[in-house]
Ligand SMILES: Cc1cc2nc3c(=O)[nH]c(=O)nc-3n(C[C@H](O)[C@H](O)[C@H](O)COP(=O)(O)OP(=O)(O)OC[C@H]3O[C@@H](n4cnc5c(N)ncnc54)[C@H](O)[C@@H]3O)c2cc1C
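Below you will find one chain, with nothing else, as structure tokens; this is the form predicted on its own, and questions on how it binds or moves follow later.
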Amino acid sequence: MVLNSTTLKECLSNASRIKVDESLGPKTTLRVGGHADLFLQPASRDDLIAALRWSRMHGVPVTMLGRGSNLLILDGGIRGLVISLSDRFFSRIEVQDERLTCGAGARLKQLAETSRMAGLSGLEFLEGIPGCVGGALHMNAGAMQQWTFDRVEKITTMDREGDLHVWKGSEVEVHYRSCPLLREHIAIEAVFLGTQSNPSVIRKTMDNYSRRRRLSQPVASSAGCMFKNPDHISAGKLIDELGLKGTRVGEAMISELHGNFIVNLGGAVAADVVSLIKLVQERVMSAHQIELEVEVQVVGE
């Protein structure tokens, strides 16, 4: 798809940034993937609304990109317009009493640290998740037996027509690694509810979680856990028992530390990762008649 960005630029303020044929691999934690026809970082809600309405008028598909974790972009890239809410406007965090109001682009690590400094516990588990608030809401991200929506009091979304909606967190349908509402709506902002606590106690909990991650998760580039856990057993254990740790395709490898991570050794392409995914699924199905479902979001051509 060849797009002329001129008409889009005319709809936006000068503060928004538009790039043509932008490489997306470096914007993901796995560091693989092709290009976007158009890549936009809107600087305000008005610019986001204008971009969505422009895309509808011109029949241009829109893909939202968070901080690039839990994501596999295929080598052919993404057609149409890719929007990232990583501008400062969408990344702010404000604290009032026991509530933290966060833009969708705010990093989870920053949210956990801001909560700690404010003496609010309950968000420590987010500290080691390499993503942003919008992505965590989209996937109902979790760690240490805790889940994003456990702490969401309110969420503001935007539909594809550019209209805003506010939802109570308790009323939003969520599942394991899924929030159906955000398949069509775009997360704009969320209010998290913390619990008053001593910052030093919160720090100890965060440090404990961090140590546990360092011992069990690889430091090499990855998209996080590649497969959802089946009932009653972890995907990593299944993969480990089949002796697949260390298996390589090109520069992609099943981590020798954790079987549910596929890491980029430096020069992997998305096709290498896809081949490893299929290999694991076939081996697990053959040995256990279990169909492993991919946890990461796979997008592109």
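Being a predicted model, the structure only gives us computed values, none of them experimental. One rule holds for the numbers: they count along the sequence shown, beginning at 1.
Unshown form predicted in complex with this ligand; subsequent notes refer to it.
For the chain shown alone, A104 is a contact residue for this ligand in the predicted complex, at least one non-hydrogen atom being within 4.5 angstroms.
Not displayed here, this ligand is kept clear of F39 by more than 4.5 Å at the level of heavy atoms in the predicted complex. In the predicted complex, A268 stays away from this ligand, with no heavy atom inside 4.5 Å. Although the partner is absent from this view, T29 contacts this ligand in the predicted complex, with a non-hydrogen atom inside 4.5 angstroms.
Exactly one of the stretches 92-100, 165-173, 213-221, 200-208 approaches this ligand in the predicted complex with heavy atoms within 4.5 Å, and it is 213-221. Of the residues given (L81, L123, I155, I129), I129 alone sits with a heavy atom within 4.5 Å of this ligand in the predicted complex. Residues R177, L182 are the ones in 163-184 with at least one heavy atom within 4.5 Å of this ligand in the predicted complex, listed in sequence order.
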